[in-house]
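Here we start with a single chain on its own, the form predicted alone, put down as structure tokens.
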Amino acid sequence: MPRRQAENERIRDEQRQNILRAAEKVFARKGLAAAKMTEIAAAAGVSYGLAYHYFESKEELFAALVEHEIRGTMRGIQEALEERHGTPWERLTRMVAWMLQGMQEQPEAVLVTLHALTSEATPPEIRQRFYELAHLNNEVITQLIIEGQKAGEVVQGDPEQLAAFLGSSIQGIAISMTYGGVLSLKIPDAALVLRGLKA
């Protein structure tokens, strides 16, 4: 009996993940306001009723998708902060490379994020979660810049301004790569993005 229950839970989890992946593609193309649960169900290859069995509304589904992406990103940022292998510059380079790789591999996630931050349809609590993520990201980058300055690897200057410069550069790449809803830009590597900060 426990084995059957575990198998049922595995199937439910797989189905939920399947719906989330399909929703990401639909929300990336249309945004929260224009997306419809029927489109998401069709993209997931499930019935309309089954999609509603897992998520009561498209807003709940959007919130679950955003939360899933934010948690993954926060884990990566926290790991970058706790990582002590290598010099501050090497750690900063790894973090930026990880962010750029994520944009390259998951352009739909970038579009969902942009929709969430710019659409009036986005619930305030979702927008607030993105602000928390941006704040954590900025804190980690600022800390790595401070450590890099002490090691003589990062240019001198206000660490918060340098972090804002780097963050804006990465955001600009994210916006540019999604023009027209498709990956339309060759993403530069971390060394090029960080060139302006190298001592």
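The numbering used is simple: start at 1 and walk along the sequence shown. If you're wondering where the values come from, they're calculated on a predicted model, not measured in any experiment.
This next part talks about the form predicted in complex with the DNA, which is not shown.
With the DNA left out of view, the stretch that reaches within 4.5 Å of it through heavy atoms in the predicted complex is, among 133 to 141, 65 to 73, 28 to 36, 150 to 158, 28 to 36.
Shown alone here, residue 50 lies within 4.5 Å of the DNA in the predicted complex, counting heavy atoms only.
Proximity of residue 17 to the DNA in the predicted complex falls outside the 4.5 Å heavy atom cutoff. Proximity of residue 57 to the DNA in the predicted complex: non-hydrogen atoms within 4.5 Å are present. Heavy atoms of residue 46 reach within 4.5 Å of the DNA in the predicted complex, making it an interface residue.
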